[in-house]
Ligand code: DGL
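Only one chain is shown below, in structure tokens, and it's the form predicted alone.
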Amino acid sequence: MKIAIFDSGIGGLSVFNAVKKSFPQLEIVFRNDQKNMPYGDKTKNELLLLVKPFFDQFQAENFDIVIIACNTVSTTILSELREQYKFTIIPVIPMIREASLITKNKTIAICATPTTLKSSKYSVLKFKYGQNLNILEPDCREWATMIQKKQINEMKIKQTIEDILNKKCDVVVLACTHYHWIENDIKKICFNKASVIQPEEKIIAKLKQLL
């Protein structure tokens, strides 16, 4: 069983580490497109042009499963990729459903890239699971780049999170895998005020089901 994990940058490495820890016996590789990151401001056509060479290679190397550890790609071009490639694709998508099940204030925040927030898939998720929720969409457009370059502006992140907490948000959804690297920092800011969720456990559960 060969598994590939793909992302634009180091965000997917967090997913790779979690999956490798759960499945040490499997052949798992991580590949990313650091040359063209961030993906979060790119169009659908641009994403297809960038992602296709990697997926062509996955198919040529006979991978069984490819995990798209990128919410932007998963919410924008997933259907096109599934039409073109025969291997199983596991996407990551904003966890609005999961947040809707645990929020008490009915106010959640989706920390995501601009392209994810503009995608049709995201709109579907909001309509399906978020009609009775107040969904905040803080401006996180700089986060992936600052995390990738290890130039994290802690004050800016703190201000963003405190702003949504002041609006009674009690669930923060990390809908970009780059943000997994600052998950503990966000949890400290949210301490006793909001839960912070991300999809690594969900990916592992899906893999267990497939295997």
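In this text, all values refer to a predicted model and were calculated from it rather than measured experimentally. Throughout, we count residues from 1 along the sequence that is shown.
We do not show the form predicted in complex with this ligand, though everything after this point is about it.
- A residue is said to contact a partner when one of its heavy atoms sits within 4.5 Å of a partner heavy atom; residue 67 fails this definition for this ligand in the predicted complex, lying far away.
- Contact between residue 144 and this ligand in the predicted complex is found at the 4.5 Å heavy atom cutoff.
- Although the partner is absent from this view, residue 157 stays clear of this ligand in the predicted complex, with no non-hydrogen atom inside 4.5 angstroms.
- This ligand in the predicted complex comes within 4.5 Å of no heavy atom belonging to residue 186.
- Exactly one of the stretches 68-76, 81-89, 128-136, 95-103 approaches this ligand in the predicted complex with heavy atoms within 4.5 Å, and it is 68-76.
- In the predicted complex, 37, 38, 39, 40 are the residues of 18-51 with at least one heavy atom within 4.5 Å of this ligand, listed from first to last.
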